[in-house]
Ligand SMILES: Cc1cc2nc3c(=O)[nH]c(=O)nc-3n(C[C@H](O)[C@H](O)[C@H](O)COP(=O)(O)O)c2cc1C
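As a starting point, one isolated chain is supplied in structure tokens, in the form predicted on its own.
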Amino acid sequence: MRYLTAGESHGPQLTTIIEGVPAGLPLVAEDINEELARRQKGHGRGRRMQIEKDQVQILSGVRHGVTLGSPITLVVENKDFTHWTKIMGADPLEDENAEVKRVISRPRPGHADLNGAIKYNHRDMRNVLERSSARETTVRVAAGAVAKKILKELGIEMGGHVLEIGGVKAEHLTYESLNELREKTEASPVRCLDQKAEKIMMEAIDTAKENGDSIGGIVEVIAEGMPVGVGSYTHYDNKLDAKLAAAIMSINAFKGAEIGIGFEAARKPGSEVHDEIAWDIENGYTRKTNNAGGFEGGMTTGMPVVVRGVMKPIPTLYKPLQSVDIETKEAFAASIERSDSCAVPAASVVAESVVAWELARALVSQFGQDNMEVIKKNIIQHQQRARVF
């Protein structure tokens, strides 16, 4: 399974083409729209979320609500494009006036503007920022929604939540099931389980906005029901936990990834880190703890997969940082392109999506790529063998 995304932030649409989704998967637009709506929520989001009400169009690869095994094309229109047709249109402009084109020559600290302009030789950095924008995660969430559907059909449940925003940490994180986790966090404006921390997080976001600033945070994704032995220890590029870390790091503004207790393992002795093994006739092999986050040797252990990601503060601020105009080389206050003061709750949804994609891709690759019926049978046989191994 693989996918390609295309489209600019203020272009006419965002597109993803997904290849390798097995035939026989039930899939309708609402499966995807539900995830797109989740991505647009969250305390601290800007005016763009009020303009765009993201809805997907399924243009290929699905017939009568079931996947065909052929490439799936998903499209999300940018409603705001009507105001950007001259600036972002594909046709040549008759008037090359810089004001008409809204040329950007002032790179924003923390963005891809300057590096991308130097790499691709763009004197107008709008050519960089339009594609490097987090708006692209819209169709990554759409692809992730398809992956989540695969996982659900295979008995794997997912959830995600916010652990920290602006230094405010959630402390009370107990839940009986992922269903309870999802219900509670979906009702939270910051997707946090801890209601006390939730209020303080919201206050921190409001304070940052009042000060023209932004704040980041930490998100966590959990997947339950993954079979043991998915991934591989044989080659570095087949280790599934490495792929998950790369997926988390590929999200805009993410600067760190952890599996299980992650960096905390460096502060503990081995006797408090490694997960002891148990066995019983009903469950087969299990672990007494899950510090490893569901992975050993690049492979799943059968325990819940736990992945965390660290998001830096959004770099575009209402009190702009200093930069240098690439044309005049004069110091300038960096320009403003968006108004989110915190996107961590939305980033939690994106993190769920990229983790879901890697898990689904690994399962499809390992247990049969062509149709869901064969994959389900192969997983059941594998789990039965593993239980009595």
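Just so you know, these numbers come straight off a predicted model, no measurement behind them. When you see a residue number, it is the position in the sequence shown, counting from 1.
Missing here is the form predicted in complex with the named molecule; even so, the following discussion is about that form.
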(message) Is it the case that G116, even though its partner is missing from this view, gets within 4.5 Å of the named molecule in the predicted bound form, heavy atoms only?
(response) no
(request) Give a yes or no for R361: in the predicted bound form, does one of its heavy atoms lie within 4.5 Å of a heavy atom belonging to the named molecule? (result) no
(request) Tell me, yes or no, whether K79 is in contact with the named molecule in the predicted bound form, where a contact means a heavy atom of each within 4.5 Å. (result) no
(request) Decide whether G298 counts as a contact residue for the named molecule in the predicted bound form under a heavy atom distance cut-off of 4.5 Å. (result) no
(message) Counting any non-hydrogen atom inside 4.5 Å, which residue from A253, L151, A265, V75 sits next to the named molecule in the predicted bound form?
(response) A253
(request) Have a look at A245, I200, A134, L193 for me and say which one sits with a heavy atom within 4.5 Å of the named molecule in the predicted bound form. (result) A134
(message) Is it true that T316, D340 and A343, all three, sit within 4.5 Å of the named molecule in the predicted bound form, judged by heavy atoms?
(response) yes
(request) From the candidate stretches 81-89, 126-134, 298-306, 163-171, select the single one in contact with the named molecule in the predicted bound form, where contact means a heavy atom within 4.5 Å. (result) 126-134
(request) Give, in sequence order, every residue of 105-131 that has a heavy atom within 4.5 Å of the named molecule in the predicted bound form, or say none if there are no such residues. (result) R108, G110, H111, A112
